[in-house]
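First, one chain by itself: the form predicted on its own, in structure tokens.
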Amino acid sequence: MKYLSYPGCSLRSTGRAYEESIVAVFKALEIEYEELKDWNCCGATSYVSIDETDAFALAARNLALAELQVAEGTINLIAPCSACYLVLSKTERYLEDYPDVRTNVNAKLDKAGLHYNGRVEVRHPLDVLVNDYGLEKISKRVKYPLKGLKVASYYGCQVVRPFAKFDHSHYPVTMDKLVQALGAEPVDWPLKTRCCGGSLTGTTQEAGLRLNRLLLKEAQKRGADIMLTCCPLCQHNLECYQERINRIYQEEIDIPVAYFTQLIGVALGLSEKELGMQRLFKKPSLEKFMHPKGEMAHA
């Protein structure tokens, strides 16, 4: 199966490591995809508060472009960023369920010579890796099982809510299953979908840092060696504000936060540069957990 990929704005800026690791992992697993041509910003989650129809039209332009790029059949459009995934999924759903919305949006698209016919299915890379490629195949590709590594998988608010397309909306397990396929141990913790504060760290910082602190403390309390996320904003919040949280709350929080695709790449034996590991502020020390499969067989 071939996919289209929608990188979105953050993967070309603050979330660059996420895109680099996705590209490297998909190449290693021989998952074919091509980038959506002439894509535009999805509008994130704030534009809909300005004008709902315009917001849907902005996102729908990407769906219409996907239909131009792939002539027939259902199109699997991968959106790694949580906000992009939510916005594009919501647009896909609303244009399917509400004919009046679809008519109004297509009227706007028609002015740009575009039209959306409903052939796009928005997918998340977690969904693609687990449900299309398969955990068994990933496990067979692992060169360095991460034995003994305890991982707190953090999904955030937007990947499974409100559209639980591939996992449970309050207790998802897709990332945890991936962690197990890599030989590591998923940490069972209750805050895996609790909000990290989102953009509050840049507006009402006190509230944002408090939400960050709850997640970091709980993951550390549960014995996690690393936190994994699938959202550029979540990764930024959880990684970059630890020192400030420690100063304010007199804490000793110190836990690396990486993208789930980076951990997959480590287990596959990909280089740190391929995975963008040098872009992390807190580089995880994973060497002691990396056991070549030959050694594991005799352990």
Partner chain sequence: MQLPTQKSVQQDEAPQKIEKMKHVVRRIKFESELDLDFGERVAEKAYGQKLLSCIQCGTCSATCPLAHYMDYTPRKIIAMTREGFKEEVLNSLTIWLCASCYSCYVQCPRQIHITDVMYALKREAIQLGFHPKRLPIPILAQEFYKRVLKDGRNTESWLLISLYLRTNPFKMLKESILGLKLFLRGRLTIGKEHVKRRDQIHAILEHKKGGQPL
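Numbering follows the first chain given and starts at 1. None of these values were measured; they are calculated from a predicted model.
Only in words, not in the display: the form predicted together with its partner chain, which the text now covers.
- Heavy atoms of every residue among R12, V101 and E206 are located within 4.5 Å of its partner chain in the predicted bound form.
- Remark: of stretches 174 to 182, 157 to 165, 124 to 132, 138 to 146, the one touching its partner chain in the predicted bound form is 157 to 165 (heavy atom within 4.5 Å).
- A heavy atom within 4.5 Å of its partner chain in the predicted bound form is found for exactly one of A66, A57, A258, V266: A57.
- Between its partner chain and the residues E272, D254, D51, E251, the one pair within 4.5 Å by heavy atoms in the predicted bound form involves D51.
- Contact between Q278 and its partner chain in the predicted bound form is found at the 4.5 Å heavy atom cutoff.
- In the predicted bound form, C240 approaches its partner chain with a heavy atom inside 4.5 Å.
- Contact check for E34: no non-hydrogen atom falls within 4.5 Å of its partner chain in the predicted bound form.
- Interface residue remark: W39 is counted as part of the site for its partner chain in the predicted bound form, having a heavy atom within 4.5 Å.
- Taking a 4.5 Å heavy atom cutoff to its partner chain in the predicted bound form, the contacting residues in 180 to 209 are R194, C195, G197, S199, L200, G202, T203, T204, Q205, E206, A207.
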